[in-house]
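Here are two versions of the same chain, shown separately as structure tokens and labelled structure 1 and structure 2.
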Structure 1
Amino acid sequence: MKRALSDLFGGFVSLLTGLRITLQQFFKPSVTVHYPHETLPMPERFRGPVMLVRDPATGQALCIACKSCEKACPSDCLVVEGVKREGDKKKSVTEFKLDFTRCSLCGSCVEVCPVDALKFSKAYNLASTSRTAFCQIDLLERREEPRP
């Protein structure tokens, strides 16, 4: 009987302690952000999905299709195709594919690029119901040779 009353008293004290903590927290300002109506600012060092950098003046991709990013990628999520056009000094990229569902954001591709043609984007709100939405495919302008 004595043990039952002791347990009952201990439970009541525990209940009052929980209520006291709840009331203290109830009157403090909220730290919750009401997403998606409000968002927190992203830190400067945030690393989103990898993206192909384009020259701001011409709009052409800076990539020279050397495939070093493709070789350095441990998750094998990049595919780069390119051609050397007549009159150009370097190869130019014709196709750039990135499967973000396989990307581990390690940064190997960004570090190894000799011309800084890849960088991390600031996109963070990546949500979709289809897998194809996470595959970035850039079919860059192909100049066809005129037919005789």
Structure 2
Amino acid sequence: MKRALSDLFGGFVSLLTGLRITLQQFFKPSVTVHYPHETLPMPERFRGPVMLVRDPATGQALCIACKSCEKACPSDCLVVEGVKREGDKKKSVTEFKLDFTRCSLCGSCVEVCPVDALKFSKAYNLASTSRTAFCQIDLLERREEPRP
């Protein structure tokens, strides 16, 4: 009997305390970001789909086609081919394909690159109606951040 009464009273108080907390929350500013009307800036290190770094003067890709990224990738997402042109010291890239359907954005390719020719984009909301849109992405052609 005594236990039941203390349960009743204590329980009632505990419910009131909870209600008070939720009521206080009601008057606090909203923390929700109303996506897609508002978006948050992506942090500097955000790992989006990789893209090639280009020389700002010539627009040429910095990639030397050494294939380190191809080897480092755990999921075999990258295909890199290059040739050595007459008069050039280094190889230049002729093909750079990304299979984004298999990419897990681990960043091994960016980390292993000896000339920092790969970087992460800030794209986080890519979408398509067909799977083929992502399985053969030609990074040599893409010059801007990927957009949905």
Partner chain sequence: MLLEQTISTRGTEPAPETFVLNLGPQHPATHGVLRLKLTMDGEYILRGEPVPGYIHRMHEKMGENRTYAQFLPNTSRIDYLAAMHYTHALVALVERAAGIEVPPRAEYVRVITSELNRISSHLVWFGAYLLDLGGFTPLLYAFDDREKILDLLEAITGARLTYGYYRFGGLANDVDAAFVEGTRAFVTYMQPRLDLYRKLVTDNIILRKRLEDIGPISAEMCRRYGASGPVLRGAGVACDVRRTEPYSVYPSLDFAVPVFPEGDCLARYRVRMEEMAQSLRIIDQALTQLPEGPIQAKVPRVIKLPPGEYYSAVEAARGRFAIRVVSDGKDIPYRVKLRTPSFANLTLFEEASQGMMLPDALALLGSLDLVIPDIDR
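Residue numbering: structure 1 sequence, from 1. So that the term is clear: the rigid core is the largest set of C-alpha atoms that superpose within 1.5 Å between two forms. Treat the numbers as computed from the prediction; the structure is a model and nothing was measured.
Chemist: Can you tell me whether structure 1 or structure 2 is the form predicted together with the partner chain?
Modeler: Of the two forms shown, it is structure 2 that corresponds to the form predicted together with the partner chain, while structure 1 does not.
Chemist: After the core is matched up, is the C-alpha of Val31 off by 2 Å or more between structure 1 and structure 2?
Modeler: Comparing the forms between structure 1 and structure 2, which are aligned on their rigid core, Val31 does shift its C-alpha by 2 Å or more.
Chemist: Indicate whether Leu19 shows a C-alpha shift of 2 Å or more between structure 1 and structure 2, with the rigid core used for the fit.
Modeler: Passes the 2 Å threshold, so yes.
Chemist: Relative to the superposed rigid core, does Pro43 relocate between structure 1 and structure 2 - that is, does its Cα move 2 Å or more?
Modeler: It does, since the Pro43 C-alpha is displaced 2 Å or more between structure 1 and structure 2 after the core fit.
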